[in-house]
Each structure stands twice: as structure tokens, then as C-alpha cells.
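The chain below stands alone and is given in C-alpha cells; this is the form predicted on its own.
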């Protein structure tokens, strides 16, 4: 048996052991695909079909796509292996540390009650199914927050990325605890900044992914599309460069961009929130997984044209990578992906913007989107210092260039 055949058999065993036969509760058949690709240009061709790339290696990628996308890639002769995505067994009872929407809402309310002088909780809009999208505003001087430098942390754009909700929430909780204990650094930062947290941009999708007791591997929101399928990829629905590559016009696709920029109430809520808070200088959007620090542009291969703008992103990304051990790079070095949060935030508002693709580095060993609770404290510890660093420089991110 050849080395390639052995590899495919091992991959098949892994996929079938983790993802059994799909059930009718999934809206349409999805496939795990191993696709040959040796550079960012081939990866962009793959992304253009509408599949969601999950894992990148030197000469192939692993992606999730629908039947039509699978057939399109098979015509190119690039598909080395495919397997149906199936419902995954629910987290074991020990995984109850992850927050569902009710628990998340309770935790945010508890923070406001526990630290009323530091925390303000509000709804910034409603989802397709009517759930409130909640935001925390944190400052030692809440009444003067609009006059202070501000930063925004977000999580949960993609439903199955539950760790992206936990990490910013838990780090903010830890910061507030340290503030109350008199930690001088934390007190200085909170007293001189306005910190915004939107932990779950896509609560409908988050709930759908866990509602049946079996994971749905769901990515999008829960809009009902014109053809009866469900969901728009919220991280392809922002206006800057919308629809110019790495997203799909097929409503059944994992990366369906929607009918128009900001077609979804969730992305419209983020748009309004950022436009209403002109003091936001810095943004960090949490995703999973791959252990990456990404910065604009995602929708084009060209680097940021202004050298100073480019250097501040590169300098900050490289510095944060020293703490969390992630790989720092421009988003399109992976593949073209247009209409995402950070391209829009920087392209339209000049907000210095990053995406963290959190742990694990791959789906091996049962990790991927559902890594279990043991990773939570590890990932919190790895990413606390990068978050504090961004808060520190929120008054003027370009100060990092003068410090080097």
C-alpha cells in the first residue's frame, strides 16, 4: 500500500470514528473533503467554490462543502478523499463548562450586578429568531466612556466555534476580578479605556448547533433562504469587498454570503454598534480553530497599501504571537475570503483589526471545533496577555511602531 493510500485510510478512519452517518436533522448533506492544494492561489480557487476551509497543510486542505461543491472540485481532479459530515455526539457531561445562550445571558447579567460601577449590559439588536445580541461595556468611568479610547472583542460569528465565545468572556471576567483585588495594571487599563465585549454575534446558530443534544457542525445563522435552505455565513456578509472571492452565492453553501451586504440582522447590529462608538480604535474577532493571528486583507492578495497601516498590523500580530505561539500572517495568505469583519472594520473605519483562530491547531485527536473543556484554561492563559496588549495600545495603536 502506498504512503498516500495509508494516509487516506488513516484520515478515513479518523473522520468516520468522529463523524458517524448523518441524520435528517441536518439541513443538507455536507462532506469533509481532502483537496490537493499547494499554494494560496489554489486554495483561493477552492474557497471560491463555496466550501469552508478548515485545515491547511503544505500540499492539501481539509474543507467542508455541499454536494455541488464536492462535484465541482472533483471535476478539477483535486479531491483526494471525501466523507459525509454527520451529527456528532453531544459533549459529555463534563463539558457543561461551555455556555449555552441562557447561561451566557445569565453570566453577563451577573457581571453587571457584581460590578455595577464598571459594567453596563445592553442589547444591540435581535437575531433572525428574536434572540438579543448582548454587549458588555466596561470602564472605570462609564459616564465618560465615549471620550475614552475603546476596543471591541467579539466571538461566536460561526455557530460551531463555541470556544470563541468562552475565551473573551472568561478573560474579561478575570480582568474584572483582578480589578476588584487591586491589580494596578488592570485598574489602570480599565480606568483609562472603554472595553466592549460582544461574545456571541450568532446566538441562533450557537443554539441550533447544540439544541438536539447532538452537534450539527453548524456554521451559519438561521435565516431561511429563498430555496428553503438555512443560513448565511455572517463572516462573509460585511460590505467591504463583499462577494469578490472566497464566498458563495449558493444559499446551501457553508460560505453563503447572503443576498446583499449586511442582509442579516446580526451583521447590521455590529455595523450600527461600531458606527455608534466612534472611539473604537481596535478590534479583535475570535474564531476557531488553527492557532493563527490574521490581519487584513482577506479579500485580496495585495498587502495594506499604506506602509504605516501595514506595519502596525504586522508589528502587533508578531508581538502577540510571541505570547500565544500562534502564526501571524495576512488573512489571504491562507486563501481569499471576502466580506469578513476585519476587512470591513479596517477598510471602512480604519480600525486596527485582527482575527484570532484559537486552539487547537488541527482536528486531530478529536479536537477541532469541539475540543472539550480541558482546553479552556490553557487558551485563556495563552490569550490574556495579547488582549491586555491590545487594550494598552487602544489609545493609539501606532505607538507600537515608535516602541520598536
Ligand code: 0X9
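These numbers come from a predicted model, not from an experiment. Numbering follows the first chain given and starts at 1.
Omitted from view is the form predicted in complex with the ligand, to which the following refers.
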Within 4.5 Å of the ligand in the predicted complex, do we find a heavy atom from each of 33, 49 and 82? no
To test your reading of this chain, name the stretch in 169-177, 106-114, 262-270, 287-295 whose heavy atoms come within 4.5 Å of the ligand in the predicted complex. 287-295
Single option in 335, 354, 60, 346 placed near the ligand in the predicted complex, where near means a heavy atom within 4.5 Å: 335
Given that the ligand is not shown alongside this chain, does residue 247 nevertheless sit within 4.5 Å of it in the predicted complex, heavy atom to heavy atom? no
Counting only non-hydrogen atoms and a 4.5 angstroms cut-off, does residue 162 reach the ligand in the predicted complex? no
Does residue 235 make contact with the ligand in the predicted complex, using a 4.5 Å heavy atom cut-off? yes
Considering non-hydrogen atoms and a 4.5 Å limit, does the ligand approach residue 313 in the predicted complex? no
Would you mind checking 301-333 for residues with a heavy atom within 4.5 Å of the ligand in the predicted complex? 331
